[in-house]
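One chain is shown next in C-alpha cells, namely the form predicted on its own.
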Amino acid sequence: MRRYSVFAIAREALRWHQGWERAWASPEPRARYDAIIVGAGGHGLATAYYLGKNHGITNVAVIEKGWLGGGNTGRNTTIIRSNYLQDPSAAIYEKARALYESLSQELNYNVMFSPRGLLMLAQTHHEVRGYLRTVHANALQGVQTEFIGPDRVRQLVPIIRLDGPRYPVLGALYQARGGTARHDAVAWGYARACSAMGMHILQNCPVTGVRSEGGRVTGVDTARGFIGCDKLGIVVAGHSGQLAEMAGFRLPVEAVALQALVSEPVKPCMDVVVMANTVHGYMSQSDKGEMVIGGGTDGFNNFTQRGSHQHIEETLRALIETFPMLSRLKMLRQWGGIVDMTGDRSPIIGKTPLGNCFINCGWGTGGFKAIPGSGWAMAELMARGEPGPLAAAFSLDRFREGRFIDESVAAGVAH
C-alpha cells in the first residue's frame, strides 16, 4: 500500500487524482482465521492493528454488521483526556493519550489530533476539593494536570461567564495535553493499516451466532456464512449484551443512548475543551466552527440513535448560564450513540466463560479517548490469553469479587 506524502499529493494532482487506490480492501472471507474481532469501530480496529504490530498475528478478520466506524466511533464528541482518579483508569487512558500524540505519523494517516487543552470546571466547593484530590493522584500516576483559578479560566475561555447565579466558576482541573481528534479518521487510519498487513475487514456482515465445541469457541455464523477462528474478540459497544448471549453468557452491562449536537458554524471563539460536570454538559469548537455539545445519557435503556427535544432542552438549559452566547445559536444537527454502561462505569477487558473468547466493552460515555490504549490492551489479552498490566484490573470477574473501579463516584461524572 502506497504511503501518503506531499509528493504523492503532487503526483496525483498532475494526473487529476485518478491514481489513488482504495484505503482498505473489501475481500471475500476466508474459511478460517487465527482471530476474529467482531466490531469495526475504533476499539476493534485498534485491537486488530496492535495484534499485527505488537504480536505478529495478521491472519485476522474484523467483522462489522454495518459500515466501518458507523457506530459510536462516528457518533461521539471526540474528547481525549486522561485525568482520571483511579490508578487503573489513569494508566489505560494515559497510554491512549500518549499513543494519540504520534498516531498520525505511525499510521501515515492524519487523525487530526489536537492537544488544545481540556478544562473540567469546578462550580461547587465539593468539586474544588475533588479536583484537588485528582491533581495529587495524577501527580503520583505521572499524568500532567493542574488546578487553575477563575482568572486563568477566563484567559483560556473568554466566552465563559464566571459569576453564574447558581453555579459560579470557582476554578478548573486543567490538562494541557488533552484535546480532540477526528473520530472518523481514527477508524479509517487503523483500517488502512490493518488492510496493509493483510487483515480482512468484512463490512455489512452481521454476526448471527457464535459456535463452540468443548467449551471453546470455534467460529461465528454470519450473513456471509460460517467463519471459523481460533480466538474471538467481541468489541461491539452497546450491542455487547446480545453478542455475549449468543456466546452463552451474560454481561453486567446495560445499553442506553448518549446524545450530542452541533450548532451552526461561528467564528473561532473557544480553542479548548470545556466540561461542566455539575450541570453535566461539555463543549468544544470544531475546525469548521461548529460548537460540539454533549450531555448525559438517557434515563432509560434504549437502542435509538436519534436525538430528542428533551435532551436539547436539558443540556442547553444547563450550559447557557455558563455560556450565554449559546442562546443565540441555531442547532445544525443532532444524533445519538448506543453506549454500554457497567455498574462502576469502568470498562471490561478480559476473558469470558467461553474458552478463547475475549470481551472488550463497558466504556460507557468515554470510549473514544481510550481507543489506542484499549486496542493495545485487548491485543495483548488475545495474543497471550492472559491480561497484561493495562487490562488486569478490568477483568469480568471483578464484579463477582467486588473489585469495583468506580470512576463515576470518584469523578462525579461517567466520562
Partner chain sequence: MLILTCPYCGIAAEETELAPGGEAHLKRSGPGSSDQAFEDYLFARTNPKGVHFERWRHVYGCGRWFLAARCTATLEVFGTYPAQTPAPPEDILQKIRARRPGWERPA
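None of the values given here were measured: they were computed from a predicted structure. Residue numbers count along the first chain shown, from 1.
In what follows, reference is made to the form predicted together with its partner chain, a form of this protein that is not presented.
**Q** Taking the partner as it appears in the predicted bound form, which of 234-242, 167-175, 207-215, 135-143 has residues with heavy atoms within 4.5 Å of its partner chain?
**A** In short, 234-242.
**Q** Could you tell me if all three of Arg306, Gly343 and Leu396 have a heavy atom no more than 4.5 Å from its partner chain in the predicted bound form?
**A** Each of the three qualifies.
**Q** Against its partner chain in the predicted bound form, would Asn302 count as a contact residue? Criterion: heavy atoms within 4.5 Å.
**A** Output for Asn302 is yes: heavy atoms within 4.5 Å of its partner chain.
**Q** Report whether the minimum heavy atom distance between Gln310 and its partner chain in the predicted bound form is within 4.5 Å.
**A** Yes - in the predicted bound form, heavy atoms of Gln310 and its partner chain come within 4.5 Å of each other.
**Q** Test of understanding: in the predicted bound form, would Phe404 fall inside 4.5 Å of its partner chain by heavy atoms?
**A** Yes, Phe404 lies within 4.5 Å of its partner chain in the predicted bound form.
**Q** Using a 4.5 angstroms cut-off on non-hydrogen atoms, would Pro252 count as touching its partner chain in the predicted bound form?
**A** Result yes; Pro252 sits at the interface with its partner chain in the predicted bound form.
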